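The chain below stands alone and is given as structure tokens, in the form predicted on its own.
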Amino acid sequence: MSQQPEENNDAIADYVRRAEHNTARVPSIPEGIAFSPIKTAAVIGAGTMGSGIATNFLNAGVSVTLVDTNSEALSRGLATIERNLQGAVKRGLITEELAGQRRALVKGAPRIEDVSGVEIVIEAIFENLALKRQVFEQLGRHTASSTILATNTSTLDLNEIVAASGRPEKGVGLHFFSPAHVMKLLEIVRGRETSSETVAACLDLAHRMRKTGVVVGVGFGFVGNKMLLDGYFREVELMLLEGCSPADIDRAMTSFGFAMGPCAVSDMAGVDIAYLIRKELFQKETRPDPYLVVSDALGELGRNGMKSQKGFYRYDPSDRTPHPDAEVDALCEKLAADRGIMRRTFTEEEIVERCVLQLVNIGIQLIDGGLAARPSDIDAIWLNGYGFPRRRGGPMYYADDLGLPKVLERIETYHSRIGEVWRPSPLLKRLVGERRDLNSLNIA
């Protein structure tokens, strides 16, 4: 994989600035479309994510009602918001006076009925389709016809969720990233019937929250998590079966420029969280084996990551440092033997190539399928939500830097060696045949 020369740094920085700026310009939404700026909001669910989302509203000067039927959870959520505000004061981001003004904008409520007068409601509950549909059915009855109804789902079918409200034109996905009051990315998921006015209001809200709002389409994982789960993490787990260790992979990807390697990220986020997401996925879709089978096996053993002191790595009680664990190596060997997978050694170059080129291939598929409007939107997503190294411009920019003929040749090599998960995107083949690059698709 190529290393970008120093003289390209200014060009990359300029590209990133334009990519982040252009996310607010959505080709399918007319410029100057009329919408009502959001001034009042409610968040359903007072967990860590819901409290973080509520903090964002306060930071944008929007009054917010935090709703949770569990009184203890509601108290914890309001306390989390207070800690978020005090943390901003300590870091010098806001004054104590401003924190007081924002504190006055939030209140707690125990019932969904208490959100009847707000302009937007965001549901931030457990990632379960049936539960989310139940909440949206209630919101459809207890909110005004003009109220925007949003879900924070990270992978579930937006169309199915918002249909329960009876007002799908007002339904939208607002996928915040954890911690929600810190991370800059906000995926704005446009459903089959979401109105342009609804999307425009959400783009304006993202700007006021000082976030990079990127409009995406409906599909498993939308854009960012689709690439993460079906591209990056799946390839990581294939290599674990083929002979890599977690430390091998994490070392290669941090050398490439990620702040953390994928196995360490999984441990920090919680191995069990991804397992629950896959459980929901498999109710509607299938993936060929092996699909994240190492994570599933770790979860079955109770190795849920840092919180259990065991995951892909072992952790000491007083230390977040990942330590290699022979039990994980033995587990990978057994899973590989069960599938007849031969194990071998890897170079750092191959590890990086397989991780990054799967991101590229899945990303191009999403452009071809209309879930992403342009390659630069994908780069903005991966730079602001997933830690792709900014000095490399994002996965789509990086593919152009390598040269699409080279990218296609390497993907075809892995397709012939590994199988269907590496089938080249038809759009990639078309671009190479037309001697075009991905940047040629970056319409403003």
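When you see a residue number, it is the position in the sequence shown, counting from 1. Here the structure is a predicted model, which is why all the values come from computation and not from measurement.
Below, we turn to the form predicted together with a small molecule, even though it does not appear here.
S.K.: In the predicted bound form, which of the stretches 131 to 139, 309 to 317, 87 to 95, 259 to 267 has residues with heavy atoms within 4.5 Å of the small molecule?
M.R.: Every other range fails; the passing one is 131 to 139.
S.K.: Ser28, Ser36, Asn70, Thr413: which sits within 4.5 Å of the small molecule in the predicted bound form by any heavy atom?
M.R.: For this set of options, the contacting one is Asn70.
S.K.: The small molecule isn't shown here, but in the predicted bound form which of Ser116, Ser178, Ser245, Asn159 has a heavy atom within 4.5 Å of it?
M.R.: That would be Ser178.
S.K.: Within 4.5 Å, heavy atoms only: does Ala163 come near the small molecule in the predicted bound form?
M.R.: Answer no; every heavy atom of Ala163 is more than 4.5 Å from the small molecule in the predicted bound form.
S.K.: Taking 4.5 angstroms as the cut-off for heavy atoms, does Ala399 touch the small molecule in the predicted bound form?
M.R.: No.
S.K.: So in the predicted bound form, does any heavy atom of Gly50 sit within 4.5 Å of the small molecule?
M.R.: Yes, contact at 4.5 Å.
S.K.: Against the small molecule in the predicted bound form, would Ala124 count as a contact residue? Criterion: heavy atoms within 4.5 Å.
M.R.: Yes.
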